[in-house]
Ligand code: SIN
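Presented below, as structure tokens, is a lone chain in the form predicted alone.
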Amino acid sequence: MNEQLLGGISCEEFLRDYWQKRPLLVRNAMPGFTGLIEPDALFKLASDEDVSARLVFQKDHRWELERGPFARKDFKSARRSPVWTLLIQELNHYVPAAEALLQQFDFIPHARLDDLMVSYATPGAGVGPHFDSYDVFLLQGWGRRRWQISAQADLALIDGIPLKILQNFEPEQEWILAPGDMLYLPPHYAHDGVAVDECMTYSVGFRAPSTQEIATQFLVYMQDKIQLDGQYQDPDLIVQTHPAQIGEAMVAQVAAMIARVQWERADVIDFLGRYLTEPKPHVYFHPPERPASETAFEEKVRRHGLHLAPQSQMLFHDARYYLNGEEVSLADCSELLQLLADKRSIPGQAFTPAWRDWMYQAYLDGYVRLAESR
């Protein structure tokens, strides 16, 4: 992390005084930063069917939303309002510099990091006053954007439109961000960003699953773990007045059956490792078109090292390692796996034959890449 990213305060101070507590504006957080991708390249990226792209435009005081992929003519169509915004999710999957930018924020655990989104906006454009349920760092690329923010408790949304826009936004603070400036906002902080000039803004978002989502996914995980013997029995069954009634004895027996479903801390750890690294449904991996032989792979790794594919997620707890939803079973390689998870790359001198077979298969699956192909 560069020293100016948080405006001269330490990571510890930021987490103690600002994280999920209050906003932080940092002028010149990244000196000389003007962005990671040019508009033409961004428009081309939006034409890829694997890319999550959205187009928001304002027309006759109405908000409209379209989802990609888009053709180049979509950005020049005569019917389009001159006030529009293009949003691209997961820029870090497609632009190496975007992945490197996310590494600047590794003072936040990788388990919380989601992705880097980029928005291109014409003058006067935005996506309306809204709030996010997660933390966000808003880093300004080229151009300028005016941000208004509010700690208001009223988060009611306008009904009947395709965007989640606040009904009653009452700004309390306002700034214009220039290239390299950054604004941090805690969850549920109302904000509205409007382009002063043609501009691009980079949003570092964090994962904040709801209790409902975690509980639901944990139950899905447990259905493959539980093994309970026995079956429903009722040797003392008696005639009921109402044959359609669910009897109290049945309710009691089934309640006792369900109560036998239990889990341990190790189950929670294993669930989190798999759940937090599971790729999103729309994410695809790209195996090498002409894979190197295992011998050539080893030679290239020794020479250049390797790195995780941008789409890969790797986390660990103690000596348990997880990559893309699966536990990594690799004995005597904890230090190497920890380095790969933390830094998302390993140097060639770290090579050891103990992990060659596993890493070569990960290479064939597209989970890791040779450093020379970066």
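Heads up: residue numbers just count along the shown sequence, starting at 1. Predicted, not measured: the structure shown is a model, and the values here were computed from it.
The discussion below concerns the form predicted in complex with the ligand, not included here.
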Using 4.5 Å between non-hydrogen atoms, is Phe206 touching the ligand in the predicted complex? no
Residue-level question: is Leu87 within 4.5 Å of the ligand in the predicted complex, judged on heavy atoms? yes
Just checking whether Ser119 would be counted as a contact of the ligand in the predicted complex - the rule being heavy atoms within 4.5 angstroms. yes
So, in the predicted complex, is Asp106 in contact with the ligand at a 4.5 angstroms heavy atom limit? no
Counting only non-hydrogen atoms and a 4.5 Å threshold, tell me whether His130, Trp147 and His191 all contact the ligand in the predicted complex. yes
Partner-contacting position among Leu166, Ala98, Leu138, Leu177 - heavy atom within 4.5 Å of the ligand in the predicted complex: Leu138
Which one, 278-286, 149-157, 223-231, 198-206, holds residues whose non-hydrogen atoms are within 4.5 Å of the ligand in the predicted complex? 198-206
